[in-house]
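Only one chain is given next, in structure tokens, and it is the form predicted on its own.
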Amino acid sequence: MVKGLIGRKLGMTRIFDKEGYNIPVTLLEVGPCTVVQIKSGDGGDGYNSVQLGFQPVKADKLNKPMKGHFRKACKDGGFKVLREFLMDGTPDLEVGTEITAEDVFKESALVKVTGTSSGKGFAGAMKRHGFHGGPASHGAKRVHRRPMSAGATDAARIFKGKKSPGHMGNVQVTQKSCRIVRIKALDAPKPVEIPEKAAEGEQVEKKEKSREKGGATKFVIALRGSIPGKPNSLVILENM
């Protein structure tokens, strides 16, 4: 089975446990994801991985190359988001298989979340890099928040990686050791009522039909604490 799935951040809220403690959590809508492509180390790819698709789109939103890429996995369209997950061995999945959060994650497990941090625009060196600033007295004039020296003068250039003012945020961030507090289904099917007077064979048949109908596909995962990104931003959730 794959180690992770694609989802989106919904926002933050709070959950009270059985003892009444307040737990701040971030809600993520994870999956369902569909297997679009399988790569194996035995073939010409050279490594084992599974490509998953998230957020279905209609066929008229795709160009011809993408329609051909999605033909095996989805007949009536494709997916807005594609991500590849490495596998330890040869994948035992088939193209078109739908994977839900219930199949991959469990409550109280530790996961890592990859997302795009919130963009904060242009920022100075104190806010961007945590500089403490210059002295506020003894003749200092309009230099309290400046980064001061830009580097060596004999090099006649600024070295790569110099901490200077610039664009802050809007970068990929991976946050590890996030604990799953709760997993809840959004579209759980209603239980099928079976009459008591029905025959035994009829009861078994109705139960089999209700099982074939399938369980929930959309799940919300509550992670303890905050994660990078704005609401509705894309996130990648992986088991550690």
Partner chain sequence: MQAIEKFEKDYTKKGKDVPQFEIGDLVKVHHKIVEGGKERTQVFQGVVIARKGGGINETFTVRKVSFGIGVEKVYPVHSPRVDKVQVVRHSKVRRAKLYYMRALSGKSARLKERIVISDKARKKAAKK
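Predicted model only: the values in this text are computed from it and were never measured. Positions refer to the first chain, counted from 1.
Just so it is clear, the following notes concern the form predicted together with its partner chain, a form of the same protein that is not shown.
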Exercise. So which of 35-43, 178-186, 66-74, 52-60 is the stretch with heavy atoms within 4.5 Å of its partner chain in the predicted bound form?
Worked result: 178-186
Exercise. With the cut-off set at 4.5 Å between non-hydrogen atoms, does Thr13 touch its partner chain in the predicted bound form?
Worked result: yes
Problem set entry | Touches its partner chain in the predicted bound form: Ile227 (any heavy atom, 4.5 Å) | no
